[in-house]
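Before any questions on how it binds or moves, here is one chain, the form predicted alone, in structure tokens.
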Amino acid sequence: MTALRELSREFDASRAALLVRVLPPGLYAGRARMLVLRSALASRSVWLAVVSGFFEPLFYLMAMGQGLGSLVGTVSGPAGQQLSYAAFIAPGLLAASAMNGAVYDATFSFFIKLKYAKLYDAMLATPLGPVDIALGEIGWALLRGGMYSAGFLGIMLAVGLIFSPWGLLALPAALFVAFAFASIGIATTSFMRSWQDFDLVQLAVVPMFLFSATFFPLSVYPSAVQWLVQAFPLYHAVSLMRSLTTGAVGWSALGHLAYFAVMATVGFLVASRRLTTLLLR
């Protein structure tokens, strides 16, 4: 274990050194982890608000899975197998947990720090650079999304809603999903000018939550609408989680992962560029 920690430190140090050499001076100092630590320490006084997001998918599971599920009966799973309604919606709620946890910190919290608290202006007086800030905020949003996902995944395991050993990979997949949403969230928030712009965030998140095959199979929608649903990021997260927890893993899972890899890369690049423009102008 000690050897693995040392290897991890050496890898992080070499990666930081590479970015320091590649990026212009002043943009990256390899200390993004300090921003994650700062966010963790600042959250201790509002821990109840941090953990409250865990209960939302749990309430949905209880109300929809048990209440509505008694009326729905069984639903066809990814491989055509019959699943209880609770087993069908649980992976979707797991994906939504990763999304919601990441989006909250990458939008509302990030906007306050950037526009009102002027926190990042003070940070630039330290060795931190804009790229450190982007990585640090993405990392904290990722951890929050991962925290919600891990808690809900534990509930799924306890009540028997995971049917395959592939379900062990649901948590790493949720972290990857959270990373992609956090990157895009910070990139998008960097363009926002006022609180009114957050109506657009809700306009994007709520329809994704309701229509990304979270509660209903994709087949219930008309063909034209199915194409639109399949373009939603959350749809790919839901499909990935559902395939892992039910064991119906195929090549399509690689397609879902590739979608989030592109999403995360674009989000990080745009966020880094925007923060460099906003903080060093």
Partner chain sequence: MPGSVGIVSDSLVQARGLRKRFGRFEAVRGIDIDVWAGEVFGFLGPNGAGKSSTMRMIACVSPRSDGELQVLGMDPDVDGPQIRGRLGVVPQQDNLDTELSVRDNLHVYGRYFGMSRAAVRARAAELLDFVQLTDRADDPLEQLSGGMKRRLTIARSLINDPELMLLDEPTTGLDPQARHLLWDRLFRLKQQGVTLIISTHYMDEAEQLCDRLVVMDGGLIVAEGSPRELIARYSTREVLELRFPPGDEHGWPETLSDLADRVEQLPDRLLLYAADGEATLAAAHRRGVQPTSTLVRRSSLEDVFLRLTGRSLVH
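Positions refer to the first chain, counted from 1. These numbers come from a predicted model, not from an experiment.
The protein also exists as the form predicted together with its partner chain; that form is not presented, and the subsequent description refers to it.
- Within 4.5 Å of its partner chain in the predicted bound form, a heavy atom is found for all three of Ser45, Met123 and Thr126.
- Contact with its partner chain in the predicted bound form, judged by any heavy atom within 4.5 Å, is made by just one of Ala117, Leu200, Leu210, Leu168: Ala117.
- The candidate stretches are 212 to 220, 65 to 73, 250 to 258, 32 to 40, and the one lying within 4.5 Å of its partner chain in the predicted bound form by heavy atoms is 32 to 40.
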